[in-house]
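What follows is one chain in structure tokens, specifically the form predicted on its own.
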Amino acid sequence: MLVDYRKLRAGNLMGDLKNDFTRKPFVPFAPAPRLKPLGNIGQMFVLAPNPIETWTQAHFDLPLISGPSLVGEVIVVNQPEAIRHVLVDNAANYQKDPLQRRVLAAGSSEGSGLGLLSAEGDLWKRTRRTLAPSFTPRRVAGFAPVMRERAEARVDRWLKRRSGAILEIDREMTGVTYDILSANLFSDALAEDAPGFERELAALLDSIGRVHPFDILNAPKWLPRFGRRKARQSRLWFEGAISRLIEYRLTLMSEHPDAVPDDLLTALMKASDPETGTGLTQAEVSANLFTFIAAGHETTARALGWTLYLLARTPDWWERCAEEACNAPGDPAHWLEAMPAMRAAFEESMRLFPPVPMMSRIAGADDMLGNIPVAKGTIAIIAPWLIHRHTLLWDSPGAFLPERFLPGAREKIDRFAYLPFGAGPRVCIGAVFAQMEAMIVLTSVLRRVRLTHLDGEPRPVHRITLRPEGRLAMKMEIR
């Protein structure tokens, strides 16, 4: 098994890219793996502030690790063949586990499980079929002009300040991705409260993803969890805003059908399951809008922030991507294919800092992963944070080397060794939207400004996404 891994690794990377390694690669800060596992009590309290700090060196070195844990029997799956088995070949046997559901449910309401992120079984299948036509490549390409308009408007705002101004890039990426989402999802119907959106989303996502000790112990819901009250308040804020938006759109569709915007909200409200003809209920529309706002928007904003940080720390790659940006074709719908270096930098950023650093599934029946038996009820953990930095899958796994993803090298990476958008039936439905949005935002930034990272390397913290602790402050110079 190890021989196969090493062949895979050598074919992916260094052997084919020797000419590109004349420089010393940049290695961003990451928590050092532990030399030995934490005890139950230690693990419980490290999981709460930052789950990625619980992993040991063995988790980055071995293909499969199984054993007892606080939540029962667990198998950590780093082997691409086994990942494929869990997420694709035997996906029906592996659904989201109770702990993951409890963590994602922080501050949620009763209808929150109706969204695509949380739904299971027949509800998930029906919802996925219903939403799929709204995210075809052709449909997404139609959003590109508005994406470009909003991205350039954000940079215009920066240029009103002098060269040398300090930008909080993580906040700026939150803002621009919200601008894009607001325009394409609901035609700016909530644009007047963008500051409220940012404030409430930050509060909500800071709580969702925290693994509270009471969640691990499956304590009753009525026992208080630190920060969950604020999460509930923020969730209620979103639900109220979304409810008012849907009610207004329903009125518009009924009384002034010719004035109804052709956006994703309208598509959701008109969509029907191609197999049954059944549309989404109002509660399902609301839950899926929240999923797109919270999960989809947050993951793209974080991926963009990390990419700009990594490019700012590697001036040669910044200039290489900036040259592509300055020579981009006129139609932004083609930018994803037209800029291989920028796309490679973005993909390498998501390797080092995967937007969703861990997912887990529970086995519904006995199974086998590799040569390890998996009993019913075992939790299978698939952690992109581990897989993307695994010593059997990547050379120099902690280094920022976009060369890995250039044409000719990218094709040699195993599909199940790189999972920024997941895989299998539950692969992110908005992956094409997110990638196109990223290329458009990065192009709009790099062709007009140069960013320099200030002192202090950001510490990655795992909430629902992988976020920098504190702010990503950068100095802006106008090109």
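Residue positions are given as counts along the sequence shown, with the first one as 1. Bear in mind that the values here come from a model prediction, so they are computed numbers and not experimental data.
There is another form of this protein, the form predicted together with protoporphyrin IX containing FE (HEM), and it is not shown here; the text below is about that form.
Remark: of stretches 53-61, 430-438, 66-74, 33-41, the one touching protoporphyrin IX containing FE (HEM) in the predicted bound form is 430-438 (heavy atom within 4.5 Å). Taking the partner from elsewhere, F135 is found to have a heavy atom lying within 4.5 Å of protoporphyrin IX containing FE (HEM) in the predicted bound form. In the predicted bound form, no heavy atom of P28 sits within 4.5 Å of protoporphyrin IX containing FE (HEM). In the predicted bound form, protoporphyrin IX containing FE (HEM) sits within 4.5 Å of a heavy atom of M359. Residue contact check for W158: none of its heavy atoms lie within 4.5 Å of protoporphyrin IX containing FE (HEM) in the predicted bound form. A heavy atom within 4.5 Å of protoporphyrin IX containing FE (HEM) in the predicted bound form is found for exactly one of I387, C321, L401, M350: M350. Only one of the listed residues (T299, N78, S286, S234) places a non-hydrogen atom within 4.5 angstroms of protoporphyrin IX containing FE (HEM) in the predicted bound form, and that residue is T299.
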